[in-house]
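Only one chain is included here, represented as structure tokens and corresponding to the form predicted on its own.
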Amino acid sequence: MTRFKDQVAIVTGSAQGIGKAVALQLGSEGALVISVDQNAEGANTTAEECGNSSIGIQCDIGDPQQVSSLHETVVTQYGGVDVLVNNAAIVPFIAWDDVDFDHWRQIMRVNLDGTFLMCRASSDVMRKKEYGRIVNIISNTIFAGTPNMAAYVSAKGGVFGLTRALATELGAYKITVNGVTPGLTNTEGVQSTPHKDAFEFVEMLQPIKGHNQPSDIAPAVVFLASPEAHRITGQVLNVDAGMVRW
């Protein structure tokens, strides 16, 4: 398919995991992908695999100046932004008793502030041509109240609210804003934390058995980013094999 031919798509946190799966599918459907990550080598590798003259850019999305520079580069080189997928996030494992303000701010800075900064900059560009698709990767932990993730759950709850608010604000410009809430997914990031030990428990709660993979999440994200989803906005699609039903 070439649903994204001649479109420019920014995907954050795309060096690995869900972000990389989304970037690769967008690239396979014709998008020129701006692969954004703190890991410059990983971002470049993803861009190469996407094809279509895609590029990798190293960026700390929690830094306003870096986000501004990113968008200046994209607008100068490619003329605009059609799709933004906010995937970059820190996924901690820390008991509530050990959560201090420094940890809280670290998580908020990337997971919520970073999403705001990317939405702010990309939507300003999208408004100029009255077209855009913003998809925020949230998490089903906002429904489950998953332990050892208080700051993360709070930040993702903020992204949930921001998604709905921006849908209202940006609809007049034909910009849609939606979210996807994945369940526990078998990514490199998860495998590097104690969350890796939760797969069997989570699977017991799923009507559809098996472990969620990044490639299971990407199609829902890409659909919401596509032209076909032009009448869908302010929605959050849960992709977790039915663990959470709401």
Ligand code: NAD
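All residue numbers are counted from 1 along the displayed sequence. Predicted, not measured: the structure shown is a model, and the values here were computed from it.
Heads up, the form predicted together with the named molecule isn't pictured, but that's what we're talking about next.
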- Message: Exactly one residue in Gly179, Gly56, Gly183, Gly27 has a non-hydrogen atom within 4.5 Å of the named molecule in the predicted complex; which is it?
- Response: Gly183
- Note on the structure: None of Ala121, Ile175, Val83, Ile138 but one has a heavy atom within 4.5 Å of the named molecule in the predicted complex; the exception is Ile138
- Query: Can all three of Asp60, Ala88 and Thr187 be found with a heavy atom no more than 4.5 Å from the named molecule in the predicted complex?
  - Reply: yes
- Just one of 73-81, 127-135, 148-156, 162-170 has residues with a heavy atom within 4.5 Å of the named molecule in the predicted complex, so point it out. 148-156
- Task: Answer for Gln16 alone: is it within 4.5 Å of the named molecule in the predicted complex, judged on heavy atom distances?
- Result: yes
- Query: Ser215 near the named molecule in the predicted complex, any heavy atom under 4.5 Å?
  - Reply: no
- Message: So, Val110 and the named molecule: in the predicted complex, are they within 4.5 Å at any heavy atom pair?
- Response: yes
- Task: Report yes if any heavy atom of Asn44 sits within 4.5 Å of a heavy atom of the named molecule in the predicted complex; otherwise report no.
- Result: no
- Which residues within 25-43 place at least one heavy atom within 4.5 Å of the named molecule in the predicted complex? Asp37, Gln38, Asn39
